[in-house]
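In the block that follows, a single chain appears as structure tokens, in the form predicted alone.
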Amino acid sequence: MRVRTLAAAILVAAASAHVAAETPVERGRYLVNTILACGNCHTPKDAEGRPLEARELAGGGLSFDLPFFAGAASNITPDRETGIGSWTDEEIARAITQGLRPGHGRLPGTELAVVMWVNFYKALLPSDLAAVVAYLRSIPAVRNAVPQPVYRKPVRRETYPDAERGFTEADLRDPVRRGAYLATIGHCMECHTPTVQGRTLYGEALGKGGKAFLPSFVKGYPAGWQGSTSPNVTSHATAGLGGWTDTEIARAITRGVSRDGRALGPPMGYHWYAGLNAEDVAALVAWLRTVPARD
């Protein structure tokens, strides 16, 4: 109850502090550059893994060589030839929430690769989806032709329970539901839930961790990265976050520092989560406290 009460107080204080409502572009900028962490995949990086701001969302930030897919993250700037400048707002929204390319341009009419987490993004509230589209329209167009992807197997998307249930604007006023919404559109549990024989165990092992990320499969992280395995983020007292303080969990999310001071590594997008406001961080912590303990 302490976490929920604290998060609720922060939400009320934040709401009273915002005299003027943010514009759709401002809201879209916040979402894209924090919890959605679009640049984690779509923005090119230097050798140290730092995003190149002048080439924001120009594609190629990460490239993948997986059993089912090979390719690089697309250019999603408004460039008409190499980006999404020729797409309508509806086509951009459909790509984000349904994973379908428009029927023209590059690989017309095909599905987007499964590494585009449509099964989570479908939870975006209509106002937030429109805000993301508005922001993508507002960024500088960058000409950058990304190589054509190769689909080795048909696209098969798993369902994520909270995304299927959906959210309402009223949910954002409740700390735990707000945290669940943020964790869903941030596709947190795609990484932090184990997969067995091609099936992610959202029902029986949500947040248990143990998923491996190998440098042979993903390129674009800092030089020397040796891969990583996602940790347990359930409420388990010893195996998970149950023994952590709120401050320690918040620091791990936004600064990539573990409870013992150890630096955490990719693929978690600490660079982007550092921009989350206090009420959203508190909401994420409140929701993580509710994830059933798994050893």
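Numbering starts at 1 and follows the sequence shown. Nothing here was measured: the structure is a model prediction, and the numbers come from that model.
The form predicted together with a small molecule is left out here; the points below concern that form.
The contact with the small molecule in the predicted bound form, taken as any heavy atom within 4.5 Å, belongs to C191 out of I139, L125, C191, L201.
This chain is drawn without the small molecule; in the predicted bound form, the residue among A131, I96, A163, L206 with a heavy atom within 4.5 Å of it is I96. Within 4.5 Å of the small molecule in the predicted bound form, a heavy atom is found for every one of S74, H187 and R262. A145 falls outside the set of residues with a heavy atom inside 4.5 Å of the small molecule in the predicted bound form. G220 falls outside the set of residues with a heavy atom inside 4.5 Å of the small molecule in the predicted bound form. The small molecule is not drawn, but in the predicted bound form it has no heavy atom within 4.5 Å of W272. Put simply, F120 is far from the small molecule in the predicted bound form: not one heavy atom of it is within 4.5 Å.
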